[in-house]
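Single chain ahead, written as structure tokens, the form predicted alone.
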């Protein structure tokens, strides 16, 4: 009975839990982010993604975000890397968390073409860490200011991270409950044949049943893994499955980047406090729970706790609402992609497009065929060719560009063909519409042609 009461109490937001859960999360998350930033430099992506492009696709409402020049971009990445390192070691933690969140998010807002679900996830976790006392033990901050040391934190500090992680998995699973994924094994039937070079399993990649296995297992995994991680008895086996699943994902789909490793590291938050204390025991200067319990005044309490609780409630509400906003738009979600971003739809479709833009000068009866390579990188052109808001932003850019070249009142028309999940290529937008005259908005774009199966 005692054990049951204790478990129920752990669900109460103010109930104290050992801070070890936050400490290990801070160390592992900060370390992974630090290595990720270094990876960007090593791969040359800082220059190729944020400096070389002549034009950047900003997010609607964030048009004021621009890359701060060659040295500015490198300085920004340096600040974010240092902030990640300071988070890891717990030095000036609050400032480091704010700098990391602001800097990392600013980088991702520079260009929509770099959007990945795990970048959004990182920004959210960084925002959450700003408010959590993850530096109140096992950090340089408490080494410099010992009076800041705390050994227990409110359960809500851990619960909000678990909630955010659970949301990613569950929404990803719900998104897979569609006909293409379950009934047609798309896009797995397109992607897997490209993996025949893999040893041992490569010979099976052309088999249709393998594509269905991948699809159904992926949906079941995302929908159920959180519940197995929450259960003490199934947790070790569930985490083994987390590692196997995400390592396999990294091998099969390397373009997904650091997402598998982020999920492997963050999923440790579901383990018990004693598990995290054992992890910390492998680090130097660790103090056991027995030593901690001999001290007094060791529980952290939030200032303005009720205000923070209300803020947490608003945050949770928004995180549930934002992925559901696609319900406000008509038509096929995968075709229109309106409400698609920020909804945890991970690797659900194969979409390709071919774009041909024409700029017309009605006054002088002239027309100009646009060479996209003159303005866009291959990645930008690829991403733009299937996403309506980016197509519109590009059309507006072309209108400004050709106006600067002497074309009066330029009109921009697009002949764009898109193929979805192995289907036939179809005309994507109304080619008779002057896209330069269409407003950028969060509303449905009427000039997108309906999807025909």
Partner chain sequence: MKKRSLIIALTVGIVVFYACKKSTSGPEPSPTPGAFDKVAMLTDYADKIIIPGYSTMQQKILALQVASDAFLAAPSTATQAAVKTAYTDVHLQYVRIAAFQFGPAETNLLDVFANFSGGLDYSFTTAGQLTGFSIDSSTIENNISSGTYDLTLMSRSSLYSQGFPAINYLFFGPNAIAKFNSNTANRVKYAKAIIARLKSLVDTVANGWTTYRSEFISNTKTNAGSPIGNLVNQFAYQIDLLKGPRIGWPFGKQSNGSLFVSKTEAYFAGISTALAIENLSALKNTFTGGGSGKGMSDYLVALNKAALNTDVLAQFDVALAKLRLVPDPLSSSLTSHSAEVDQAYKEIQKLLTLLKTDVASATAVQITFVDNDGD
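Residue numbers count along the first chain shown, from 1. Being a predicted model, the structure only gives us computed values, none of them experimental.
One more form of this protein exists, namely the form predicted in complex with the partner chain; it is left out here, but the text below deals with it.
Shown here without its partner, the chain carries 74, 140 and 322, none of which come within 4.5 Å of the partner chain in the predicted complex through any heavy atom. Taking 298, 85, 163, 368 one by one, only a single residue has any non-hydrogen atom within 4.5 Å of the partner chain in the predicted complex, and it is 368. Just one of 235, 148, 362, 382 comes within 4.5 Å of the partner chain in the predicted complex, counting any heavy atom, and that one is 382.
Using a 4.5 Å cutoff between non-hydrogen atoms, residue 90 does not count as a contact of the partner chain in the predicted complex. By the criterion of a heavy atom within 4.5 Å, residue 332 is excluded from the residues contacting the partner chain in the predicted complex.
Taking the partner from elsewhere, residue 39 is found to have a heavy atom lying within 4.5 Å of the partner chain in the predicted complex.
Contact annotation: residue 136 falls outside 4.5 Å of the partner chain in the predicted complex, judged by heavy atom distances. Remark: of stretches 323 to 331, 225 to 233, 76 to 84, 150 to 158, the one touching the partner chain in the predicted complex is 225 to 233 (heavy atom within 4.5 Å).
In the predicted complex, the partner chain lies within 4.5 angstroms of at least one heavy atom of each of the following residues of 195 to 212: 195, 196, 197, 206, 207, 208, 209, 212, in sequence order.
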